[in-house]
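Next up: just one chain, as structure tokens, the form predicted alone.
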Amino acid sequence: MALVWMLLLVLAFASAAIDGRMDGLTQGALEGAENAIRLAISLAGILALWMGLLRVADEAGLTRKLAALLRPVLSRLFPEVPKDHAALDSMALNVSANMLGLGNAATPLGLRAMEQLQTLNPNPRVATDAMVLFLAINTSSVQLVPATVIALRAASGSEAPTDVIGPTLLATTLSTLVGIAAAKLLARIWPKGTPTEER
């Protein structure tokens, strides 16, 4: 990424020098920096509010209640994981934290779930179907409260920043369903135990 950004800067300076618009480039850079600071400051307050509310909900036990509702669904999606295995609890907590927009809380839970799934892996060098499926679900992540997008819309002056909740919920639900379908389909196409390098 550093190389890409450097290339963009060099091209911008070269283009401005050729066209004789160095003053415009300098002015644009200064205005962009000023707008970035304003946006960051306005975002900080909105994000602090949303994250605070979500954290209160988490402390009140909403994440664990949602995880309890998700556990039976995950048991069906991951039949190869024993029903009493700790990985199911970690996966349920990870998915519920992601749904509530608690990304900071979801990350360590996801890592712990992967570590626990690895204990069921007969070949530590190859990801199991359960690990691949969990990664697909974690990456697509159904969003009940897209706090960051709401904050960006509010900071940009949107009159109804929360209008994005419905479309985001629909889009992330569809992406999760597609991810699950793809993972299940690919698990059937390639036999279990086939090394990922051969896939």
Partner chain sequence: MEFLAKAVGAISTWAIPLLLAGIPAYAFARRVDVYGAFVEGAKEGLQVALRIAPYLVAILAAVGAFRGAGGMDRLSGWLAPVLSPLGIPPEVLPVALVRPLSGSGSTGLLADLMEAEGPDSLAARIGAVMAGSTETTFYVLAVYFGAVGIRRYRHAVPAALAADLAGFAASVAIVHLLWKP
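If you're wondering where the values come from, they're calculated on a predicted model, not measured in any experiment. Throughout, rigid core stands for the largest set of C-alpha atoms superposing within 1.5 Å between the two forms. Numbering follows the first chain given and starts at 1.
Only in words, not in the display: the form predicted in complex with its partner chain, which the text now covers.
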query = Quick one: is V81 in contact with its partner chain in the model of the complex, heavy atoms, 4.5 Å cut-off?
reply = no
inquiry  = Residue-level contact is defined here as any heavy atom of the residue lying within 4.5 Å of its partner chain in the model of the complex; does R125 satisfy this criterion?
reply    = yes
message = My question is simply whether V149 lines the interface with its partner chain in the model of the complex - judged by any non-hydrogen atom within 4.5 Å.
response = yes
ask   = So in the model of the complex, does S75 come within 4.5 Å of its partner chain, heavy atom to heavy atom?
value = no
ask   = Core aligned, does the CA of A12 move at least 2 Å between this form and the one not shown?
value = yes
ask   = Does superposing the core leave K184 with a CA shift of 2 Å or more between this form and the one not shown?
value = no
